[in-house]
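Read the single chain below, which is given as structure tokens and is the form predicted on its own.
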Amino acid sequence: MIPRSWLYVPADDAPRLAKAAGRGADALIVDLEDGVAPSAKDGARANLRDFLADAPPSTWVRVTSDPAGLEFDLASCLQHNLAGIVLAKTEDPDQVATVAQRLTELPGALRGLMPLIETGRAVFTVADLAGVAGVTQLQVGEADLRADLGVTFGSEESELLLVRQRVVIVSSALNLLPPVAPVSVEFRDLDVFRASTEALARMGYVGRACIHPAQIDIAHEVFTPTAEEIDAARRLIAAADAAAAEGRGAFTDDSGRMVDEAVVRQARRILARGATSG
């Protein structure tokens, strides 16, 4: 299943962490990085170790890329219940490769590895980071990226459209899973959050990182195909199969639209998303 929602939860807040699995998110990202004050790191790592002993199967952990803290973070989260690592402020492909190697040493299924693109340098070299063996998908950390670039969002959030689309393109080119859409601080004005999420869906994102449980249902609604969309996709694929059986590569559908393989591929994407979202 490709998660539609990824809920960030700070590891230093034990009561909040205990409730996280019941919030309804498809995946959790337990945070050991900026969501935790330096003085609370040791306690957060201890909380994480306890949580991972009986964590949901879709639990990821965000770790620091600072060499001084990375090994401590990894030591606290490299357990059998770990689904994957989110590597914060990623800039060094060699460091990504080192973390990927550590993940392969865990028994059982391979774990995911998600570099966070949060600096101008990371945007510039994102293909190098994404091309490291073991990387499964990407995420843009826009708060840090805006600070690094000196960018301020307007109402349309258009200032980072190039970055958002670049990450989608690189992910497709390197056969990664679709990237995770960036977080939004809007959890009170949910209409704004919905509009932003719908815009990201149009760009090719299929799931979004969330900082508050109030955002989860909207992410699920936006990234789950409707029954009407699924039915239309099925009918289109059936018509394409019939046309192919007659030796026609392109045909006109019921609405008079010209359909070729590119249109059919989009329909297959809709069916695949519907199946993974249940």
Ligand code: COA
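Note that residue numbering begins at 1 and tracks the sequence as displayed. Here the structure is a predicted model, which means the values were calculated and not measured.
This protein has a second form, the form predicted together with the ligand, left out of what is shown; the following refers to that one.
> Thinking of the ligand in the model of the complex, which stretch from 31 to 39, 222 to 230, 247 to 255, 53 to 61 has heavy atoms inside 4.5 Å of it?
Result for this chain: 31 to 39.
> Does the ligand get within 4.5 angstroms of any non-hydrogen atom of residue 46 in the model of the complex?
No, residue 46 sits far enough from the ligand in the model of the complex that none of its heavy atoms falls within 4.5 Å.
> Can you check whether residue 72 is within 4.5 Å of the ligand in the model of the complex, heavy atom basis?
Because no heavy atom of residue 72 falls inside 4.5 Å of the ligand in the model of the complex, the answer is no.
> Taking 4.5 angstroms as the cut-off for heavy atoms, does residue 212 touch the ligand in the model of the complex?
Yes - in the model of the complex, heavy atoms of residue 212 and the ligand come within 4.5 Å of each other.
> Check whether residue 80 has any heavy atom within 4.5 Å of a heavy atom of the ligand in the model of the complex, and answer yes or no.
Residue 80: no contact with the ligand in the model of the complex.
> Taking 7, 10 and 188 together, does each of them reach the ligand in the model of the complex with some heavy atom inside 4.5 Å?
Yes.
> Exactly one residue in 206, 183, 132, 88 has a non-hydrogen atom within 4.5 Å of the ligand in the model of the complex; which is it?
Contact with the ligand in the model of the complex is made by 183 alone.
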